[in-house]
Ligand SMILES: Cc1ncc(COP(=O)(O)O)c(C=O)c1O
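Okay, so here's just one chain, in structure tokens, the form predicted alone.
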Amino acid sequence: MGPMGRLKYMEKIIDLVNKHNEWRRSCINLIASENTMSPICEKLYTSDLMHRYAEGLPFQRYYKGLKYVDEIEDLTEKEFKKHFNINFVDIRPTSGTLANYAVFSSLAKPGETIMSLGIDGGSHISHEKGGAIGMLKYEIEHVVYNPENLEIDVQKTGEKILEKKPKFIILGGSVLLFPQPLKEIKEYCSEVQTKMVYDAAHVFGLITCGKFQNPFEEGADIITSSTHKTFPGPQGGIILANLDDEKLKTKIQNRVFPGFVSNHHLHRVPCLYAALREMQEFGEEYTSQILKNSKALALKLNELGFDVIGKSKGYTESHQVLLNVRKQGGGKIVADKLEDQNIILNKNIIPHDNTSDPDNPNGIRIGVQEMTRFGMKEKDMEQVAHFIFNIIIENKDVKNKVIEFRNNFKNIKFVF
């Protein structure tokens, strides 16, 4: 069989990838956990680094051929330490969940008690029994959360911390509309030597630019995060900390490798550096626009009759907007309808969600960070809200209008 004949074996997969690329660039992407890298990051990503292995730490490798890799990784770690004014960074976790595994397993032993937000409070699955926490066999207690005002009850949670003495508490989370009372909770944690971990995966970009809250200044001992949501880097994870305990630093590093990660996908590393430099240069403008856009979207959706969660608190102070769509058939049905019209978002459990059908929860979660990166502003978010209204309330077919509108936003902004 000649080269042309052999190429036919590749046609199907190439066709599918091309179809995916074309389709998603014609969609309005509102997934709260996604973003798009800049052209320079994509170029760095597709380098020879993607073929190489580098077990261990810079200048302490098990493999050869890494003299430039060591410098790249060392430079990137130093830039993150400098930016956040911290003494510990590990960029090797290949996801935020693996970053959580490494940190959680360093702070507590199986059978010991930890505390998380719970689903009502916005936990990520890795914070609960179904994920890392359950697999690490911890006893789980939850903060006392009021789903009516979307706030942690600090006093009751503090009393619970003093009573249960958890090894650590994990805050931050997956559904995160507003800053959390870290400083107040830290006072209770300090009394019983409970470590405070903040999962910044969703708001890491906002935190990087001082637009959400400063977990380290407010009491967090360790931040875990992914690097591809409001922080527009490569998919992967990161651990940041200010730690005087050298044994704990070493334990976390050893949990990453050889514990949970062997090769840490070296092509991610220069992209992390480039993304951080982009945020240092353009992040003030970018994250400010994210916050303007999420607020504008929430206000318009409320005006159009949707049940936007958090109204009494101003809807949102992050990139996320959360809707209760029970009256419109539930999260799955709404998300399916929108996908058919080239608007992409996800169903989501919402606070006080008593649905008996976990596959069709009452909520949807919206994130504006990617469309902001493609140049959308407040008036554009209002148009997006109108599209959602047309599709869900009026049952109209506006797919062609959505595609035409999306075609106005093809180039990534806030980049070198």
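Since this is a predicted model, take the numbers as computed values, not measurements. One rule holds for the numbers: they count along the sequence shown, beginning at 1.
The form predicted together with the named molecule exists for this protein as well; it is not shown, and the discussion that follows is about that form.
Although the partner is absent here, G96 is a contact residue: one of its heavy atoms lies within 4.5 angstroms of the named molecule in the predicted bound form. The named molecule is not drawn, but in the predicted bound form it has a heavy atom within 4.5 Å of S33. In the predicted bound form, none of the heavy atoms of T157 sits within 4.5 Å of a heavy atom of the named molecule. In the predicted bound form, the named molecule sits within 4.5 Å of a heavy atom belonging to K229. For the residues I169, A298, A201, A220, the 4.5 Å heavy atom test against the named molecule in the predicted bound form is passed only by A201. Shown without its partner, this chain lists P215, G283, G121, G236 as candidates; in the predicted bound form, only G236 has a non-hydrogen atom within 4.5 angstroms of the named molecule.
Proximity to the named molecule in the predicted bound form, taken as heavy atoms within 4.5 Å, picks out 170 to 178 from the listed stretches 298 to 306, 70 to 78, 170 to 178, 186 to 194.
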